[in-house]
Ligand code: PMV
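Below you'll find only one chain, the form predicted on its own, shown as structure tokens.
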Amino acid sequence: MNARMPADRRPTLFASANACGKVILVGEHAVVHGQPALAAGLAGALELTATRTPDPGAPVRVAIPAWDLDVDLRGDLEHPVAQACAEVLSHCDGPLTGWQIAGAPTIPARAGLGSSAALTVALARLALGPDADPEEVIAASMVGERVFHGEPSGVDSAVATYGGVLRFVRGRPPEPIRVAAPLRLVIIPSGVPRNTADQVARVRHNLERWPRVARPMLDAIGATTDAFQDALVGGHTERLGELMNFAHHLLAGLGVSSPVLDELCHRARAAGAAGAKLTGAGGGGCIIALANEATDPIVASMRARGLDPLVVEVQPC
């Protein structure tokens, strides 16, 4: 990461910053309601590069071609990405003119892999500089995340900032988790976009309408997260797949799965996955499949369906 973006004292011509993506291992949605979640960072998910424009009064422009994104922060403020970026830069006292920002991602957008948090964290780092306090970066990211998601839990911003595997409980600092053995995951984008705010609102509606039904399901997701963490730390990888399956069925019961996500989980298990579940908001986006053995059969099965899976490995630390 290079220098920060100064407001406009022309010596600095270039700045860059990066951020992690994320995959929620277990605990999504329940984390909004006080339960723990475990998330793993996907390193190098997004790099932003800022260069000076010839006109110092020209609005900041953000272009990430792989995400079909090209907005300026003056004329496009009805666009949610433009609004979120402007909010982050304003929060950081960063410039809103005189820069062109280009992004190079390694994850898809709107797939439940933390693309919006990667964008807002990398943008905050551009504005605050390489020595910024991580909690300042998270606070700035959350300003943008609220534009995207309405009521974000904060887990995406924390993982995008810190990386590694984190235990997250809302209102507490994230806790790094030591993983005893590598965890091989196949991330499978469904190709169906999803809206996090809509899915969060769906769970809240179900909780308000059916508290005696929905609350125990959220508590059960929390208990599953605790058991998953114990297995991760203890190296009991044979337990993780079963716990992932539990988590998926609980999330489906809360109304945030979909026929395509259920079908992909079933397909992954049939191809040899030890367990599979939706990750992130649900409704669309991605599933994750745990491969205790080879990942090739799972990848081949998904490619035969026309999908483009990504193999990652969560490393011990």
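Throughout, rigid core stands for the largest set of C-alpha atoms superposing within 1.5 Å between the two forms. Counting begins at 1, following the sequence as shown. As the structure is a prediction and not an experimental result, all values here were calculated from the model.
Omitted from view is the form predicted together with this ligand, to which the following refers.
Contact with this ligand in the predicted bound form, judged by any heavy atom within 4.5 Å, is made by just one of L250, L48, V32, A291: V32. Of the candidates V200, A127, M142, A82, V200 is the one whose heavy atoms come within 4.5 Å of this ligand in the predicted bound form; the others do not. Per the 4.5 Å heavy atom criterion, this ligand in the predicted bound form is contacted by stretch 278-286, the sole one of 63-71, 265-273, 50-58, 278-286.
Of the heavy atoms in L25, none are within 4.5 Å of this ligand in the predicted bound form. Shown alone here, S190 lies farther than 4.5 Å from this ligand in the predicted bound form, counting heavy atoms only.
This ligand is not shown here, but in the predicted bound form it comes within 4.5 Å of a heavy atom of T196.
Put the two forms on the same core and the Cα of L243 is off by less than 2 Å between this form and the one not shown.
Relative to the superposed core, L166 undergoes a C-alpha shift smaller than 2 Å between this form and the one not shown.
Superposed on the core, the two forms differ at V155: its CA moves 2 Å or more between this form and the one not shown.
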